[in-house]
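Okay, so here's just one chain, in structure tokens, the form predicted on its own.
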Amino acid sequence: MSEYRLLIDTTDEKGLVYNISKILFNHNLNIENNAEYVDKDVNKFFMRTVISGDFDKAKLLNDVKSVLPNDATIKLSKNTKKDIVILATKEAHCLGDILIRYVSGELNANIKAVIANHDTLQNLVEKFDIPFICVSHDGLDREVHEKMVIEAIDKFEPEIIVLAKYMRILNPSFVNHFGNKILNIHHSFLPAFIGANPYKQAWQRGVKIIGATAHYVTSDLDEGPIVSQDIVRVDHTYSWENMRDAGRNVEKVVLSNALGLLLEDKVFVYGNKTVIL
């Protein structure tokens, strides 16, 4: 028996949960899990329902649409592994964590390829029997290099693109080509400590909290809708190298957790924020 996820966001009104549930009952579907949320400030309703059974997909969507406001967005996706592509540079901690979770069966994904602008991580990736593609930026201007990366990604038609410490600023044309498909991770020192070695800058200022933020990539650098965040506490006994290690640890955990949320269709994006159900 197939399992699907029904995602709905719309203007809130009385009776939505009842009417949707009644439609599912009439289609002889079992509700395995259900979560909903109303943002009262903007009068928005969000609902994620896991259903199982055999049904006519087109008829179900039409019937659900008939009981919702006209502005409703409805998505019905089968519970299957999503295809992803990972972009990397030289840092191994985030990529390595995802690869380990992948081979251990923690991620509901098919990693189609790892694409990097350096070959530093090739041996690591190939140990997991995953294709590694190096698209070097040496001697190329940014636009030419990005076109080559886009071509490499498009061959795999991924549903999600993960930037595992991919240390290249992306042009709006790249971001727009993939829409809300790109997930990024960065330390949460921004905008206070920018440029090279932010952990040393933070250590010099006596920072007491190190955090990481995973977010969708938009044309506004590091300002896309936030998917997941976390922190670790540090103190005066930490060297800047200790801070860097602590930061890398929280980065890899936050990125993998955020990816897990996307793979399970738990993230709704509206405006520049997210609702996690």
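One rule holds for the numbers: they count along the sequence shown, beginning at 1. Under this definition, the rigid core comprises the largest set of C-alpha atoms superposing within 1.5 Å between the forms. Just so you know, these numbers come straight off a predicted model, no measurement behind them.
Just so it is clear, the following notes concern the form predicted in complex with a further copy of the same chain, a form of the same protein that is not shown.
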Report the residue, out of Val103, Ile169, Cys134, Leu140, that has at least one non-hydrogen atom within 4.5 angstroms of a further copy of the same chain in the predicted complex.
Val103
Does Lys65 reach a further copy of the same chain in the predicted complex if we count a contact as any heavy atom within 4.5 Å?
no
Val207 versus a further copy of the same chain, in the predicted complex: is there a non-hydrogen atom within 4.5 Å?
yes
Is there a heavy atom of Asn70 no more than 4.5 Å from a heavy atom of a further copy of the same chain in the predicted complex?
no
Hey, in the predicted complex, is Lys78 touching a further copy of the same chain, heavy atoms inside 4.5 Å?
no
Considering a further copy of the same chain in the predicted complex, find the one stretch among 145-153, 108-116, 177-185, 90-98 with heavy atoms no farther than 4.5 Å from it.
90-98
Where, within 23-48, is there a heavy atom within 4.5 Å of a further copy of the same chain in the predicted complex? Residue list please.
Phe25, Asn28, Leu29, Asn30, Ile31, Glu32, Asn34, Glu36, Tyr37, Lys40, Asp41
Spell out whether the Cα of Asp12 moves at least 2 Å between this form and the one not shown when the two forms are superposed on their rigid core.
yes
Rigid core aligned, does the Cα position of Ser239 differ by 2 Å or more between this form and the one not shown?
yes
